[in-house]
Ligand SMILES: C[S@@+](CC[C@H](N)C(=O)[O-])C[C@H]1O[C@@H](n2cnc3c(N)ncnc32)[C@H](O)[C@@H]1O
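Only one chain is included here, represented as C-alpha cells and corresponding to the form predicted alone.
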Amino acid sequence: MTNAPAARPYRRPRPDAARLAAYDVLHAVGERDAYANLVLPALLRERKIIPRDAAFTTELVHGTLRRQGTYDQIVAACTDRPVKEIDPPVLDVLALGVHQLLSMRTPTHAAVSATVELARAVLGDGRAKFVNAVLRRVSRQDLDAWLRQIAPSYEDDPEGHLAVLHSHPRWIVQALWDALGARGNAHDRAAMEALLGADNIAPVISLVARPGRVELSELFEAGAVPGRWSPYAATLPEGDPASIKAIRDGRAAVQDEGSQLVATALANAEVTVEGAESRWLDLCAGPGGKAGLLAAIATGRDVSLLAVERRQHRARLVRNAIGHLTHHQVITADGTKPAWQPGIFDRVIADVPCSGLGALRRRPESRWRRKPEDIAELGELQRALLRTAIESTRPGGAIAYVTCSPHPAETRVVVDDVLRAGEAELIDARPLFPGVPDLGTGPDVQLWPHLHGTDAMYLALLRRTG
C-alpha cells in the first residue's frame, strides 16, 4: 500500500505594499465615493511607502481609474459572465492587473503573479483562481490588439470608437465634442483625440505663490520652475509639495494654472464703480484656492474679501487658505440666500458647483461617477448663484462666472439665460489672459488641457449695468 503524497502546507498570502495600497485606494473610491487624489497621498505617508514604490502605486491607481471603462470591456471579453455580475472588489483587482499587463512595463509573469497574490490576500484563494484565469487570457494580446477587438470602427460609430479608445463614457465624448465645436473632418477628429488623450495624462503639479506672502524665487529655490501662463505660477517637476516650507505655511499652495488665471482675470478687470473699491466677494469659496489668491491680491489693494461657503468643513479649508490676513472674512452661508445687502461689492466671483468634466485628468474617477442627468440638476443652482453674484455687485462692478467644465449647458447656456434679465453685460475676457494662445472668438474664455496644459476652466466676465 503506497502512502498518499503529503498535502502542501498552506502559505499565507504576502502582497507587496505598493499593490495593496493601490487596491485600498480603489476600494475607497468605489465604496465611499472618495477621491483618489485625496486618499492616496495620506495613505502613502501613513504606510511610509518609499518614493520608488509610491510612484508605482500612484501610476497604478490613477492609470487604472482612467482606463476603468476600457478594462471592464476587456475583462468581459475574457470571461463568460457579465461584468455587472462580478463583485466590485474582484473587478478592482482585475483592473489593477490589466493595467500592469497592458499599460505599464511590468513583465507579464510579475504582473500576473503579484496580482494573484494580492487577490489571495483581499479576496481569498477561490476568487484568486478566477483572477489568475482572466489575467492569463488578457495577457495573450497587447492593448492595441484588444482595442481593435472591442472598439467599434470610427466610420460606423465615431463617439463609441473614441469612448473605448480613450476610456471616456460616450455621453462625455459627445458633450466634449459639442464644447469643442469639432465635428466632421480629420482635423476635428484630431482635436478631439488630443483632448481625450490629455485627460489621460497626469497633470503637472502647479503651485501658486500668493502675492505679498511669498516670492516665486523662494519656490524656485525649493526645486520648482516657472509656470507657463500665470504671473503667480510655478511647476514642481517632482517631489512632494508638502516638503516646501512655503506650502506648509500656507503662503503658497497647489493650484492649477487655469484657476489662477480666471481669478487673476477678475482681479485685473476694469471696473467703473463710483469711488474707491472696498469689498470683494467669493460666492462659492470652498475649498479655498481662488479665495486664497484673491485675498492676497485684495490685501495689496487695501480691499476686504468676503468668502462664502455653505459647508462647514469646506469653510474651514477656506479659512486655512486665507490664513492670517485678518481683514478678510469667511462665513458659512448659502450663496443663493445672501446674508448681505445687495449691490455692495466691487468684484464678485461665482465659481459654481459643476460636473467637474474639466478636471478629469486630476479626478479620473469622476468620468465614471457622473451621469448626464447631473448636468440638468446643477443648472438651476448655477443660474441662482450667478443671479446672486450680479445682484451683489455695485453698478460698474465685475462678475466672474467660473466653472471647471466645458459642457455648454454649464457655461454659455447658463450665462445667456441669466443675461436676459438685462442687469449685466458681457466683457471680453481675452485681453486679461496676456500671452495665452487659442482663446477662441470670445468674449468668454474656455481653457483646455490639450491646448493650455490646464484644467478646462471656463470664464464669463460680466459688468453690472444696474
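Numbering starts at 1 and follows the sequence shown. Please read all numbers here as calculations on a predicted model, not as lab measurements.
What comes next is about the form predicted in complex with the named molecule, which does not appear here.
Peer 1: Which residue, L381, A222, A76, L180, has a heavy atom that falls within 4.5 Å of the named molecule in the model of the complex?
Peer 2: For this set of options, the contacting one is L381.
Peer 1: Quick one: of I244, L266, C284, A198, which gets a non-hydrogen atom within 4.5 angstroms of the named molecule in the model of the complex?
Peer 2: It is C284.
Peer 1: Looking in the model of the complex, any heavy atom of E215 within 4.5 Å of the named molecule?
Peer 2: Looking in the model of the complex, residue contacts with the named molecule do not include E215, since no heavy atom lies within 4.5 Å.
Peer 1: Taking the shortest heavy atom distance, is I150 within 4.5 Å of the named molecule in the model of the complex?
Peer 2: Outside the cut-off, so no.
Peer 1: Look up in the model of the complex whether E309 has a non-hydrogen atom within 4.5 angstroms of the named molecule, and give yes or no.
Peer 2: Heavy-atom contact with the named molecule at 4.5 Å: present for E309.
Peer 1: Is A333 close enough to touch the named molecule in the model of the complex, meaning at least one heavy atom pair within 4.5 Å?
Peer 2: Yes, A333 lies within 4.5 Å of the named molecule in the model of the complex.
Peer 1: Want to guess which of 223-231, 311-319, 91-99, 392-400 is within 4.5 Å of the named molecule in the model of the complex, heavy atoms only?
Peer 2: Within 4.5 Å of the partner lies stretch 311-319.
Peer 1: Using the arrangement in the model of the complex, list in sequence order the residues of 344-376 with any heavy atom within 4.5 angstroms of the named molecule.
Peer 2: Read in sequence order, the residues that approach the named molecule (within 4.5 Å, in the model of the complex) are D351, V352, P353.
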